[in-house]
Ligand code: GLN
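Read the single chain below, which is given as structure tokens and is the form predicted alone.
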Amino acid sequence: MKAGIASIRKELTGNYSGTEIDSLIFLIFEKLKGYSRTQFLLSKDEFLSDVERQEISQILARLKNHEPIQYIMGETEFYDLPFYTVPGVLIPRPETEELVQWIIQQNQIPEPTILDIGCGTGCISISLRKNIPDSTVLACDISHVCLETTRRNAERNAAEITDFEYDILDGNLEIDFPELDIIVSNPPYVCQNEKNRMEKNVLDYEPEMALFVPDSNSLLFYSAIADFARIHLKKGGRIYFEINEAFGKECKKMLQEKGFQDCHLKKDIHGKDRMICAVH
């Protein structure tokens, strides 16, 4: 296996950093052999079969085309839970785990009703359902692929949630919502003018619909969700957003102008304004 690892490292050098290559090598063998990190470290003298070498070759070809490893493997981990990942659905990010943790830590309601708007893989809604006992969790998206992926992930993690199709930008949709204690969303927030600073694996493979907003209306989804929250969020209920670090102050001002209280910006582990919470 040592020769195989050396070969992978050589193939990926120039396309990925050394740290990224180390991570990719482990993920490849975790998928291929079912190894834990300890097993991986202890098994480097094992031989690879011809079938395994062929599979690695196919994975490397896709990686060299900058396809995300999460799509190649068909799964990823989020908040210590396994999630299916498929093309057309945004890949869960580590910073979103911080948003989930913030909600869990702040929640003091015994049986909260939670809505995740733009659920994608279901990573937020499912993680909240698994970690907030007796919660009622709803998840919506406009994408059928996202909703199907959320259903599969809910089943995989034995998480009882209610998912449904909903377009937050279409104010004419009639759905009977319960009173909500928490609304959370990680909506599209990348401006078109930021494309030239983004990685090729994101631009070429992840869904534009889940990423981008017009330069002229960077708070498009935040404003719509805030208006929705004014109607459906209980008094004292909380709204949580993951945000573009460049628009934290603007998002906070928008929420305050719509009557929300105790607006609080929170930095991620990299020191960037990445989350905001406000009280109805």
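For clarity, every value in this text was computed on a predicted model and none was experimentally measured. Just count from 1 along the sequence shown to find any residue number.
One more form of this protein should be noted, the form predicted in complex with this ligand, which is absent from this view; the next part is about it.
The closest heavy atom approach of R151 to this ligand in the predicted complex falls outside 4.5 Å. The closest heavy atom approach of A159 to this ligand in the predicted complex falls outside 4.5 Å.
Taking the partner from the other structure, this ligand in the predicted complex has a heavy atom within 4.5 Å of a heavy atom of P187.
Put simply, L90 is close to this ligand in the predicted complex: some heavy atom of it is within 4.5 Å. Contact with this ligand in the predicted complex holds for none of D141, D167 and L220, as no heavy atom of theirs lies within 4.5 Å.
Proximity to this ligand in the predicted complex, taken as a non-hydrogen atom within 4.5 angstroms, holds for one residue of M254, L32, L48, L211, which is L211. Considering this ligand in the predicted complex, the lone stretch of 142-150, 128-136, 78-86, 188-196 in range is 188-196 [heavy atom distance within 4.5 Å].
Residue E242 is the only member of 234-257 with a non-hydrogen atom no more than 4.5 angstroms from this ligand in the predicted complex.
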